[in-house]
Each structure stands twice: as C-alpha cells, then as structure tokens.
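In the block that follows, a single chain appears as structure tokens, in the form predicted on its own.
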C-alpha cells in the first residue's frame, strides 16, 4: 500500500501545505515571476538561489518533509542531469582547446571542454530553478484552485477541462498499476527474471482494459453529478496578506542582489 500512497500523496501535499491559505492567484503569479526571473537572468547564481529559496519556502513554510521534496525533485533532476551530460560532451576528430577530459573511441575524441561544461552547468541550474518555482506552486495549491486561476486568466474552457480530466486520469492509471503490482507480488509474479517479464507483459495488457473500464465509471460519476461539459469547483476566498507579499519581496531582493553582485 505504500507504493500507491506515494503516487496519490503528490496531490495531497497541496491540501496539507502550510501555504494552503495563501491567495491562489498570488501563488501562481509568484511562481511565474520566479520562473521568468530564472530564465531572463541567465545567471547560475540566480538559478541556484531560486532552488534554495523555493526549497526553504516549500519545506519550511509549506511543511513538506525534506526527504519527500528531494525525492520529488529528484525525478526531473535526473532528466536535467542526463541532458546536461549530453551538452557537456563534444565529439571531434581532434582534441579542441580548453579540453578538461578526453576519451578516444576509434578515430573520434569524446571531450569535455570548459565551454561545454560551463554551458551544461548554466542550463542545468536554470532548468532546476524553473522546476523548483513550479514545485512551490503545485505543492501548495490544489488542482481545483489552479484551474480557477486559469479560468480567470481567460484560458479556453476546453483546455482547462482537458487539463483536469488528464490530471485525474494519471492518478487513475497509477492506482490501477499499483493494485496490479501488489497482486502480482502476492502471487510471486516477480520471483525471477523470466517470470517478471511475463508478469510485466500481462499487467501492461490488463492496464489498458482496466483503465478504459474505470474511465467509463469516472464519466458516469461525472454525469451523475450534473456534468454538462464544464467542471466547476467550490473555491474559498483567500485574502492576500502583507506576510505573503513579504515572501515575494524577499525573493525579488535576493534575485536583484545576485544579479547585481555576480
């Protein structure tokens, strides 16, 4: 049951967050502004400062456990690391200047240069800073409130409905997959490599059928509650306080100092 809980609890962080009572529009604006600052500044110091600031805000103020936050951030960080590795490596017929490390594969040199490594670090930190800004918003704002903010921004209704249904369907797939995996473990379906392959193929085939059946039940539940093509969520009015503005001002000050000093 722990595996299933880990998947579903991603959405529950927002409901348990200490920033749950913050104004939703402000959190979206704060996150978007931090993301734009990271991309526009193009400074490793600003990116790294954003990573640590969002970590302190999400863990310290939001109450997300540090271990859980690192685990969640580790997923995109892995892809960022692999992408940075591809940027840092250069393939050449001869060793270029400024090379830090070289590996010869036949007639081709695989090199890590100062320019390539610097670009990889800059892009990696920029991507990680942007992801941290988005994580602050998603781990403190329930999906219904995010959709309400998008609706106020005049995002097309069809796009908002698709976002909601796809988001819910992802958790539906996780739930079905976790239950199948637990059933397979109970029946020793992963006792060896050959059996694991057979079990994986069977569960993958059943996943499509079960997910289609569950999606029909999900749609029936929507219609039973008066679904007419538009989802409406009850939204609590949340005040924008001076304390909330203080966190935003502190981030702006930090980013300005990092841009001006480095």
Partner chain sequence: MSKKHMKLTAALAGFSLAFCVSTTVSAMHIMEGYLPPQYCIAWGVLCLPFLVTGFLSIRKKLEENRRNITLLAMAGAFIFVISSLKIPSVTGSCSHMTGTGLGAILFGPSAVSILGIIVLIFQAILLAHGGLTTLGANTFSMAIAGPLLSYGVYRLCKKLSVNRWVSVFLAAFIGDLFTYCVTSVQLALAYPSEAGGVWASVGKFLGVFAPTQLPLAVLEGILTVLIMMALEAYAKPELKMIGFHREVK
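Predicted model, so just to flag it, every value in this text is computed and none were measured. Positions refer to the first chain, counted from 1. The term rigid core refers to the maximal set of C-alpha atoms that superpose within 1.5 Å between the two forms.
Below: the form predicted in complex with its partner chain, not depicted.
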Report task. Answer with yes or no whether residue 182 is in contact with its partner chain in the model of the complex, where contact means some heavy atom within 4.5 Å. Result -> no
Report task. Indicate whether residue 222 is a 4.5 Å heavy atom neighbour of its partner chain in the model of the complex. Result -> yes
Query - is_contact(residue 214, its partner chain) in the model of the complex, heavy atom dist at most 4.5 Å - result: yes
**Report entry** residue 197, heavy atom within 4.5 angstroms of its partner chain in the model of the complex
**Finding:** yes
Query raised in the report: Are there residues in 148-165 with a heavy atom within 4.5 Å of its partner chain in the model of the complex, and which are they, in order?
Result: 156, 158, 159, 161, 162, 163, 165
**Report entry** Threshold 2 Å Cα movement between this form and the one not shown for residue 170, core superposed
**Finding:** yes
Report task. Take the rigid core as the frame of reference and indicate whether the C-alpha of residue 159 shifts by 2 Å or more between this form and the one not shown. Result -> yes
Query raised in the report: Is the C-alpha displacement of residue 114 equal to or greater than 2 Å between this form and the one not shown once the rigid core has been superposed?
Result: no
